[in-house]
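This document starts with one chain, in the form predicted on its own, laid out as structure tokens.
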Amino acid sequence: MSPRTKEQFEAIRNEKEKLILEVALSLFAKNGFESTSVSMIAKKAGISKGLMYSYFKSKEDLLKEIILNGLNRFIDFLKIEDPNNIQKQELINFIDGNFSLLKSNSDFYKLYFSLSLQPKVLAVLEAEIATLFGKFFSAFNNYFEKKGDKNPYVKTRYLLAIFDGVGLHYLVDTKNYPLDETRDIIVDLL
């Protein structure tokens, strides 16, 4: 058997990192951040605790990576060609993409919503979250301003609150929640 190439080592490392992130997300969503230990994550991922630390410096760094990956996926759906002339269809595409993500990645959203109520944990991510949501907030605020809404800031905050509420209600009752119908109501607000 010939020695592994640099590319093979990199592929193995990437797969292990992905596995650790998936396992940690699942455990954080199920047990909470504080109740999940690095040992639990390592055991479920089938690696040693020491090896875990060669991928992530701390449990907080692991959490930060999970949240930033998830939020970047959320923001990635916001594709605006001209920030000064935002089109309704661009915002609809953003809503549709995120509702699809909500359906396919419920563990991430369970973790995100539980963390949003934990100030100590949220403080670890505060700067990154503010930066990511700044882009999203700015786009919707600009849209409502251009549309002539009398208070685009309030409309944007209202829409954010609706997204949060829809996400929470969907996660609580995924079988019965009328996500598609709710999407249509949100689009009508635009």
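Note that this is a predicted model, so its numbers are computed, not measured. Residue indices: 1-based, along the sequence shown. Rigid core: the largest C-alpha set superposing within 1.5 Å between the two forms.
Another form exists, predicted together with a further copy of the same chain; not displayed. Remarks below refer to it.
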| field | Contact check for 32, 160 and 177 against a further copy of the same chain in the model of the complex, heavy atom at 4.5 Å | value | yes
| message | Within 4.5 Å, heavy atoms only, which of 85, 100, 116, 72 is in contact with a further copy of the same chain in the model of the complex? | response | 116
| said: Can you tell me whether residue 172 touches a further copy of the same chain? I mean in the model of the complex, with a 4.5 angstroms heavy atom cut-off. | reply: yes
| said: Please tell me whether any heavy atom belonging to residue 166 falls inside 4.5 Å of a heavy atom of a further copy of the same chain, as the geometry stands in the model of the complex. | reply: yes
| request: Please check if residue 120 has a heavy atom lying within 4.5 Å of any heavy atom of a further copy of the same chain in the model of the complex. | output: yes
| field | Interface membership of residue 186, a further copy of the same chain in the model of the complex, 4.5 Å heavy atom rule | value | yes
| Taking a further copy of the same chain in the model of the complex, which residues of 41-58 have any heavy atom within 4.5 Å of it? | none
| said: Please state whether residue 148 has a C-alpha shift of 2 Å or more between the shown form and the other one, with the rigid core used for the fit. | reply: no
| query | Comparing between the shown form and the other one on the rigid core: C-alpha of residue 40 shifted by 2 Å or more? | reply | yes
